[in-house]
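First come two forms of one protein chain, each written alone as structure tokens, so that there is a structure 1 and a structure 2.
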Structure 1
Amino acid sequence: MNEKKETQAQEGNRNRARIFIVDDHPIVRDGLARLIGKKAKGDLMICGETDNAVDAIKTVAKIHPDLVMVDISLRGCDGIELTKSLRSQHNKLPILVLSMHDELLYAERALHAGANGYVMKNESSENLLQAIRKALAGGVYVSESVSSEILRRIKREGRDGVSSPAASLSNRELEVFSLLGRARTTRQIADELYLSIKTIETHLSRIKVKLGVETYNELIVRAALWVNSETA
């Protein structure tokens, strides 16, 4: 009887996505663990936590979590650098960056470093869980305040006329754009589409011109937002 229960529990654990938390505030880690343990006990579980980047890199390599949540401001090494290191070692690992800032710039940096999402710490718990699930499914999540800032920027710069990707991009460009929005690197896009990196870069610069986007970081965020709106 007991054995059966254990197997069931193990199976339950096996079906749940394992999340590793990196945050240097114990109360935040504890709060997150409780919240996820309560509100998403069916599909998510916390498999470990740490307060520093060095420990995070070691433990993630050892226990292979399904997703890592990284606080943007860690003592000693910031979350963006940690995201870069984790991304370089684990190509497919979904990484969510948690932050107190609502500035677009931080979201851009996080996504550029290879994160699959950027979540504000004071967002609703529903949004937080949605972000986790989206990243686990291979998508990209960006906080609402960040995406509205991007929309404000587009409006301010009078670029609304040229901003619809589906209307202005060729099929191939749209393909590249949507893969970019799914947190793929240039190399990954090239591999998936059987094209050279150079060709992908040409596509990206053409997309930038067509959408009136100035920086690569902004392009990533725009792509992520577009993928979000298409899959919503």
Structure 2
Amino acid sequence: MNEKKETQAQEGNRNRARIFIVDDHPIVRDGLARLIGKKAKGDLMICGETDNAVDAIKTVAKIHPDLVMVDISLRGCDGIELTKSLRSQHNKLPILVLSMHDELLYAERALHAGANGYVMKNESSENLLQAIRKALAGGVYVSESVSSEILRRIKREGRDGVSSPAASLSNRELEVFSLLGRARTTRQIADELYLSIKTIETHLSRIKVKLGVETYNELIVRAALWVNSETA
């Protein structure tokens, strides 16, 4: 009976997304672990934690978590720099930045650094779990106020003559870009458009060049924001 329960527990853990926490406050790390353990409904689990960037980089490379939560204020290296380092080494790793700082000031910086979302520590547990799950699904999470501000900027730039993706991309590239902004993976885009993964990767490379985007994650952010601006 004990062996059966142990096997069931192992199977349950394998089905959970593994989250690694980087925060230099033990109380915060403990609180996040308790929150996720209590309210995640069996789909999320904590696989490790640390209080510094150096250990985070080493441990993430070793244990390969499904998502990393990074505090923006760390001793010796801030969360933005750590996010850049993690993104350079793990191109598709979902990263959420947590902060008590003004989100209108830091959220866009976090996204440009490679984060998949920016979450204020005073947000509700439901919003935090939503952010985690959205990032795991390939999406981008910011609060409604930040999203609205970025969308206003996009629309203002459009009125000021800055080219939108629709003006610079081919019809097929715009189709791929739009699906990427709807949190589709490369494989899902390929399946949906009846194309090979290699063809989609070629389209994505061309889109990055045309939009002046350096990383795949930044392209995801740009695509998600553009899709939101079109449906707002």
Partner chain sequence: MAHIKNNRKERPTLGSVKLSARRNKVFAVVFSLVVLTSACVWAYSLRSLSAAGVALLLFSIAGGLFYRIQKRENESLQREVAEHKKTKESLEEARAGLEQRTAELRRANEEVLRINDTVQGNIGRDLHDGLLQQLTGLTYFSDTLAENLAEAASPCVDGAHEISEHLRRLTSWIRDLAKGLYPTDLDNIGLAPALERLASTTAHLFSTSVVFECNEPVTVSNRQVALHLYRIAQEAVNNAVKHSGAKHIHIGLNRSGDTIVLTVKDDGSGFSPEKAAAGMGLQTIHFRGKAIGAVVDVKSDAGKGTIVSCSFQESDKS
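Source: prediction; values computed, not measured. C-alpha atoms forming the largest set that superposes within 1.5 Å between two forms make up the rigid core. One-based numbering along structure 1's sequence throughout.
Pair member that is the form predicted on its own | Only structure 2 matches the form predicted on its own.
Flag for A223, CA shift 2 Å or larger between the two structures after aligning core | Yes, its C-alpha moves 2 Å or more.
With the core lined up, does the C-alpha of E144 move 2 Å or more between the two structures?
-> Result for E144: yes, a 2 Å-plus shift.
Examine I21 after superposing the rigid core and state whether its CA is displaced by 2 Å or more between the two structures.
-> It does not, since the I21 C-alpha is displaced less than 2 Å between the two structures after the core fit.
Cα shift of L180 between the two structures after core superposition, in Å?
-> C-alpha displacement of L180 between the two structures: 7.7 Å.
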